[in-house]
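First, one chain by itself: the form predicted alone, in structure tokens.
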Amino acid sequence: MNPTPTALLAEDEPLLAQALRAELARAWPELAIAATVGDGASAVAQSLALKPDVLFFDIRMPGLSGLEAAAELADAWAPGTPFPALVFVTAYDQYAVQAFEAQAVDYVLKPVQAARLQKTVSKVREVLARRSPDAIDMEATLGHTMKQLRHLLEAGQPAAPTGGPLRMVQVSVGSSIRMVPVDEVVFFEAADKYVRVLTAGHEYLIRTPLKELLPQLDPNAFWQVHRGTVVRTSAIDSVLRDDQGKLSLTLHGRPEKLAVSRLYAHLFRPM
């Protein structure tokens, strides 16, 4: 831990951010607030730049949610550097319950209550005091964080439809609608407001968000390998590991090489 512990606050409502900052000043006077940001992408960027000891992430932020921002941050975090203690701030009990059940990270409900925040501060301080400088322990801690984040992200996904997995994807081609069998899809990739649907010979765009599409797919046939990428497992040719330990996939039928985020690296282990 830094001689003076530091924190980053990610909260898109300025008044709530100000209130949290004021409560933290009372509960943990020596804590220095390194930055306050208002969206998920800035939270990731500033956390990577400043490397604070503690993150207070609002669950619902513009762009990336707090969970998604934490997952993206963990994926980009440099090996051998202690990952910050992570606290979610939320106005919604459902996320708090998920966090509690996962026993993964602490949480604070809005509006922030001084007594509850004091408990969180005590817990975070214990976590920081126990943090080992050993690189292997750091990697194990980061791996544990990734497991916890997976649990929370999966718990927040919509339920699968009762009619069984999706069989056809309806895509617009000019003035017509083409029916693309899901079995022909090599991978889906989020692209701004669209999702790219890539088969061996074609590329289409659909407006259904990846978050809504994913629960409709057979989980044995399609795996999410990155925040914005879902690949058909039978289309994976090989898994490559670079010098930094990051994984990527080569595919049957497509020239692209797909990055595998650290969040989903557990899917690829030798049998």
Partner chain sequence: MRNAITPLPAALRAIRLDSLDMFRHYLQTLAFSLAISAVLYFTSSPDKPYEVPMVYSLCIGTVSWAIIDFGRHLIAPSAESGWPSGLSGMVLTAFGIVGGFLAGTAAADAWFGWSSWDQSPAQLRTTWVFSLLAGVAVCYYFYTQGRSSYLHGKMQEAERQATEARLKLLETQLEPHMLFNTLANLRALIATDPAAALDMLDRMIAYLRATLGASRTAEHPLAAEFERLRDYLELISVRMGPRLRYTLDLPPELAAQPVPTLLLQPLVENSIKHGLEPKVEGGSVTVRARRQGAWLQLEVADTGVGPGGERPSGGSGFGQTQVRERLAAAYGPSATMEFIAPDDGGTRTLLTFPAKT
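Numbering follows the first chain given and starts at 1. These numbers come from a predicted model, not from an experiment.
The same protein also has a form predicted together with the partner chain, omitted here; what follows describes it.
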Within 4.5 Å of the partner chain in the predicted bound form by heavy atoms, the stretch out of 177-185, 142-150, 75-83, 112-120 is 112-120
Q.
Even though the partner isn't displayed, in the predicted bound form is residue 211 close enough to the partner chain, meaning a heavy atom within 4.5 Å?
A. yes
Inset, instruction - Find out whether any non-hydrogen atom of residue 13 is located within 4.5 angstroms of the partner chain in the predicted bound form, and reply yes or no. - result: yes
Touches the partner chain in the predicted bound form: residue 91 (any heavy atom, 4.5 Å)
yes
Does residue 219 reach the partner chain in the predicted bound form if we count a contact as any heavy atom within 4.5 Å? no
All of 4, 51 and 245 within 4.5 Å of the partner chain in the predicted bound form, heavy atom check: no
Restricting to 173-202, the residues within 4.5 Å of the partner chain in the predicted bound form through any heavy atom are 193
